[in-house]
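A single chain comes next, written as structure tokens; it is the form predicted on its own.
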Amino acid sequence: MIQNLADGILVGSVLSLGAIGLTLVMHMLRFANFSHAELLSIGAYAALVFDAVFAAILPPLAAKIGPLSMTWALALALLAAIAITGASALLIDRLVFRRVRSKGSELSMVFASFGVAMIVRNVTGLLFGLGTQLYSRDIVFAVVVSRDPLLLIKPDQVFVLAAALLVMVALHLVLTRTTLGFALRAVAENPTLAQVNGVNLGRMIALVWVLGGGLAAIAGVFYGLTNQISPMIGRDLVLPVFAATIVGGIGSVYGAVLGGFIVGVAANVALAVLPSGYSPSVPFLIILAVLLVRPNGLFGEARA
């Protein structure tokens, strides 16, 4: 049970990063973007490509960072993946969502997001194959933290959790201490009033897409660092990410963070009492429970 709890916290940190971008998009643009989880896949594969490129150009970058399986090349590739995924999210909005938004309804946006998800998933499989891939094939041994109860932690897991928390703290500071953060929050709360006060709505929408894409890229790379990469990443994570968003409350960054940890811990702790095949149903149950008890989520507010 303790091991499942520790694994759940790690998974929760990844889900939180994915849920933050989704909750901002859902709150600002008022539609459920089912293609958001595919951005994690784009980020993971972009990092895989640039990891190989940087290691080939500068072989010393192929060295591992301390006890981690992560190399210096992958660290640089992460930055490239953030830029590419943010640009991809913005491009998808320009080519698809903005056009649908100007002519269709919110329901049309949801259907369009399903189409985008299928396209991204199949293009990824076409380019990289349907098999799983790894950032590193080196074996990183887990450290025995406790023998009774048994608790094993890998250095990569500690790094992912710490790095994810640092990203969340940095985002908190941006949203609460900068003019840009105030503008983003104003647009999310009341776009019309924000425009009247001089906020460029189009620029803020673009920023939300780029920000959400960048966070998704980080989540995708961190997921790949502790698991395997495959074109099915988006399919496997879309429901847990949505569950984290709904639990926390749509529009609440802090709710998305808490929701991610709740879903991650619940899904992994359930493995201790349920067969592994039933674990994917846990996010469904969490969504239903939250919608029945608190439809607006833990930190969500009712909208008129």
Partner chain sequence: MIGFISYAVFFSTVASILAIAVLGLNLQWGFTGLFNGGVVAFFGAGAYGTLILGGTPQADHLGGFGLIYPLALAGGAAVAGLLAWVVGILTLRLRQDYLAIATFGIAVTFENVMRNAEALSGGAKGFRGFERPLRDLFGDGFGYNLAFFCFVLALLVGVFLFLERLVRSPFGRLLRAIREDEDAARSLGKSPARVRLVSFVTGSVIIGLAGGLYATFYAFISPQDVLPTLTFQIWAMLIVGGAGNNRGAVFGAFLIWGGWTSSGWALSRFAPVEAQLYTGSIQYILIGSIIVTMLLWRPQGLLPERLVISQAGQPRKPRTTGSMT
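Computed from a predicted model, the values in this text were never measured in an experiment. Numbering follows the first chain given and starts at 1.
Note that the form predicted together with its partner chain isn't included here; everything after this is about it.
- Residue heavy atoms within 4.5 Å of its partner chain in the predicted bound form occur in exactly one stretch of 101-109, 193-201, 70-78, 163-171, and that stretch is 101-109.
- None of 178, 227, 122, 133 but one reaches within 4.5 angstroms of its partner chain in the predicted bound form through a heavy atom, and that residue is 122.
- Here is the short version: of 54, 261, 254, 31, the single residue with a heavy atom within 4.5 Å of its partner chain in the predicted bound form is 31.
- By the 4.5 Å heavy atom rule, the three marked residues 50, 87 and 91 all fail to count as contacting its partner chain in the predicted bound form.
- Proximity of residue 45 to its partner chain in the predicted bound form: non-hydrogen atoms within 4.5 Å are absent; the residue sits far from the partner.
- Contact annotation for residue 9: none of its heavy atoms lies within 4.5 Å of its partner chain in the predicted bound form.
- Using a 4.5 angstroms threshold between heavy atoms, residue 239 counts as touching its partner chain in the predicted bound form.
- Contact check for residue 118: a heavy atom falls within 4.5 Å of its partner chain in the predicted bound form.
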